[in-house]
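Let's start with one chain on its own, the form predicted on its own, as structure tokens.
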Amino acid sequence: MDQLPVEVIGNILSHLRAARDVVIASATCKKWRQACCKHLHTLSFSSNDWPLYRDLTTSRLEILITQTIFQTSGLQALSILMEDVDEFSASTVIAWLMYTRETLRHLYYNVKTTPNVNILELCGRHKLEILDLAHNSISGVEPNYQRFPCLKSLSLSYVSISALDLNLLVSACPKIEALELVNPEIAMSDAQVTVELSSSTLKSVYVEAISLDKFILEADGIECLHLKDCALEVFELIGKGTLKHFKIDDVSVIHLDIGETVENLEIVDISNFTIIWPKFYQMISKSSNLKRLRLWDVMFDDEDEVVDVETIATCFPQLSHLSLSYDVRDGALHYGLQGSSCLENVVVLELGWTVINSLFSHWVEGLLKRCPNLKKLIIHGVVSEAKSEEECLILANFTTSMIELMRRYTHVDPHFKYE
């Protein structure tokens, strides 16, 4: 260890991240203290890393953080995540950011202060590449002044911001590639809440727990879009057909439009969602490069609607991973398995139930026949603690059917996952 260059020791300390561990390790000897002061580039203060942070008084905690930060030079990544901790003095937090902002590349910030600290004003026009803000408020964005020329990733969690300021903030990041919005508090300017975002560089967008009348996203280069736990009347994506990964999880939306050019879609993942199958199919039917399709715990707007395997096999010849979970009904089962086209490239098949019935094993068998090159079958099921005699009989018959079925498909590796 004596032969290690001080720069290497600085890298070792940086990989520890947690400030408490860094301070303890740097007390090893003079060389390690020097590495901490001059070559430490990553430092994290989190109440989750060390619960004792919550037991300290705010003033004592401010002193500890100040002393630790001011002993360093050239920090590139700073994380201050103080959940369940009383409010800090704004002047102290401003001092931390002023001291580090010239070299800072990554900032993860969840600190309550009195008054609110304007992060955009403090860190704009510098070299920040990742900005992760939580439990903060943003207002009066001035894109010409509060500009982030190097920012590539922006995450806002439980942040209060108006629709206009959100659009201006995104516009103030000419190199932004990833945007994450988690439960933002969108200030209303009128009765209808509309968010319009525009960026030619965005590649990934994640939106969670947001309730809006209209969300319009204009992103020419977007590749990944994930909506989760959202309530929207209208969602519209305006792009140039670059979308590759589209995921919806527990979303309520009346009008959904991801554009007409979806040829590059490779993954479609829909769960806990009510779909109108003809409209949904029409939306993704031109995605001839689709490799993964997941329709999980979906409900159909019309009882007679069903996922048509023949249509899937015809329109998605590159499909290699198919996951389906929905209520199987008698007529729907027959219609869904009509046709003779095979899913030639499907090697992984996942099927699931929430309430099992006697038709499920027939559904599994019908799909196995359509996947001649299948390698792995995964069955997901929900088994209630209090089971009636009928439920036990259905489960027993299903088990027997699966044993017989697997004897005929010895090349398939079966897995069973029950909740």
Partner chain sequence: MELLCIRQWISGLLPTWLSAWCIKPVGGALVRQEPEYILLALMGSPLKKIMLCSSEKEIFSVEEQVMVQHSVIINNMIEDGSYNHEESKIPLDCVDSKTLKKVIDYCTHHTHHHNDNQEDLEAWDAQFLNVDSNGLYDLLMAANYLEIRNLLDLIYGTIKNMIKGKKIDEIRRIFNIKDHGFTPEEEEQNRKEYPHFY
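Numbering follows the first chain given and starts at 1. Remember, predicted model here, so these are calculated numbers, not experimental data.
Although not depicted, the form predicted together with its partner chain is the subject of the following passage.
**Student:** Report the stretch among 349-357, 389-397, 368-376, 32-40 that approaches its partner chain in the predicted bound form to within 4.5 Å, counting heavy atoms only.
**Tutor:** Contact criterion met by 32-40 only.
**Student:** From the list Thr66, Thr58, Thr28, Ser46, which entry has a heavy atom within 4.5 Å of its partner chain in the predicted bound form?
**Tutor:** Answer to the contact question: Thr28.
**Student:** Answer yes if any heavy atom of Met406 is within 4.5 Å of a heavy atom of its partner chain in the predicted bound form; otherwise answer no.
**Tutor:** Taking the distances in the predicted bound form, the answer for Met406 is no, it never comes within 4.5 Å of its partner chain.
**Student:** Would you check, heavy atoms only and a 4.5 Å threshold, whether Trp50 touches its partner chain in the predicted bound form?
**Tutor:** Looking in the predicted bound form, residue contacts with its partner chain include Trp50, since a heavy atom lies within 4.5 Å.
**Student:** Against its partner chain in the predicted bound form, would Asn11 count as a contact residue? Criterion: heavy atoms within 4.5 Å.
**Tutor:** The answer is yes: Asn11 has a heavy atom within 4.5 Å of its partner chain.
**Student:** Quick check on Ala18: any heavy atom within 4.5 Å of its partner chain in the predicted bound form?
**Tutor:** The answer is yes: Ala18 has a heavy atom within 4.5 Å of its partner chain.
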